[in-house]
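Next comes just one chain, in structure tokens: the form predicted on its own.
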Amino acid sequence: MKENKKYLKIFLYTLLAIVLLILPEIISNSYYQLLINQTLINAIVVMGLNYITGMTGQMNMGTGGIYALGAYGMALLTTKTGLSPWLGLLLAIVLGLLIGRGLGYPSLRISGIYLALTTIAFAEVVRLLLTNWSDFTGGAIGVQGIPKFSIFGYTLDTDQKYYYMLLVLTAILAITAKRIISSKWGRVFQSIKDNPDAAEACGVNIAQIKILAFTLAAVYGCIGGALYSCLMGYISSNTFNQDLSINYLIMMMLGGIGSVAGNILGAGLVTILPEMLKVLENYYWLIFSIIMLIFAIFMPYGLVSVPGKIMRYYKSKKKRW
């Protein structure tokens, strides 16, 4: 039985890899390809948010601000200095480390709604700073002419080419996230969420773990922002409003809190579904909100829980027969 499950898992992973590799050939529409690329970037950001909000239970509503700093770090470095986007990606990682430390320390003293308000304030301060510091950031006009990535002289100047780079990076970060969640660190993150007093009594350094979770979330968020700026070639501070942070929370909750696969599914659903519903014109956002509400009521553990429910239903039916 275990061997069959092992072979089935290998088969499904192989099939998924083949589908992802040929996806740009199947989808020739440039707009749909852009949506797929945006889905991969959103998945990276949500995987980061999962560390702090999903695993440790610390409410982070400042993802939009983290995302913005990663995007502007990439945009300003490459456009003002002419340096490679790869150095911009490295800068985004450094920014994530600094932001994570900066946001992590307030979480040692506050939690719940107060931490949520603090992170909301952080995101809003970032947006206002980017808007009003027009001499450096371009203000409301934004930053244009952000260069594309280049690998050994081969420029990723189309959405199809950029897709494969995003796919590789998303896979690497997903595997990393999966290993962290399955490791002792993941269990420690979960213990802080479930019972911080018991975790501390067992010798867990809660302060260190909270800062680590915020740092991981910020690094992933900044990487996502940097990749977004190169995808679009243009960014503006108006993009990074509070709605963005809320959307990332929705992606995590709908996909499945604490699950890497759920993070990816949630990112895909919330990124692509509104675009598909735009045929309904003025009613599309109302229908989307109703669908999200239905998902929240009937699938409180997210999309990732659906296969398990189907298997349990099938087994119960089999026993009755």
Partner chain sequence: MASQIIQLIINGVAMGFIYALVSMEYTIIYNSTGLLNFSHDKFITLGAYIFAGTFVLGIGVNPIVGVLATIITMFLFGVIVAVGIFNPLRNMPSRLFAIMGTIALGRIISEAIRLIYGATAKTVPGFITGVYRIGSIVISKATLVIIGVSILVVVILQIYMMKTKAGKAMRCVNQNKTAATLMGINVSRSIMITIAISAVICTIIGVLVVPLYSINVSMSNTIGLKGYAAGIIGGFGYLPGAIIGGLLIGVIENLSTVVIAPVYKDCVSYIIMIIVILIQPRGLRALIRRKK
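On a predicted model such as this, the values are computed, not experimentally measured, just so you know. Numbering follows the first chain given and starts at 1.
The same protein also exists as the form predicted in complex with its partner chain; that form is not shown, yet it is the one meant from here on.
Taking the partner from the other structure, its partner chain in the predicted complex has a heavy atom within 4.5 Å of a heavy atom of residue 243. Shown alone here, residue 132 lies within 4.5 Å of its partner chain in the predicted complex, counting heavy atoms only. In the predicted complex, residue 94 stays away from its partner chain, with no heavy atom inside 4.5 Å. Proximity of residue 36 to its partner chain in the predicted complex: non-hydrogen atoms within 4.5 Å are absent; the residue sits far from the partner.
The partner is not drawn, yet in the predicted complex one stretch among 85 to 93, 235 to 243, 72 to 80, 150 to 158 has residues with heavy atoms inside 4.5 Å of its partner chain: 235 to 243.
In summary, among the residues 174, 165, 116, 211, the only one with a non-hydrogen atom within 4.5 Å of its partner chain in the predicted complex is 116. Residues 11, 14 and 40 are none of them found to lie within 4.5 Å of its partner chain in the predicted complex, as judged by heavy atom distances. Applying a 4.5 Å heavy atom cutoff to its partner chain in the predicted complex picks out 253, 257 from 252 to 267, in order along the sequence. In comparison with the shown form, the Cα-Cα distance of residue 295 and residue 27 increases by at least 3 angstroms in the predicted complex.
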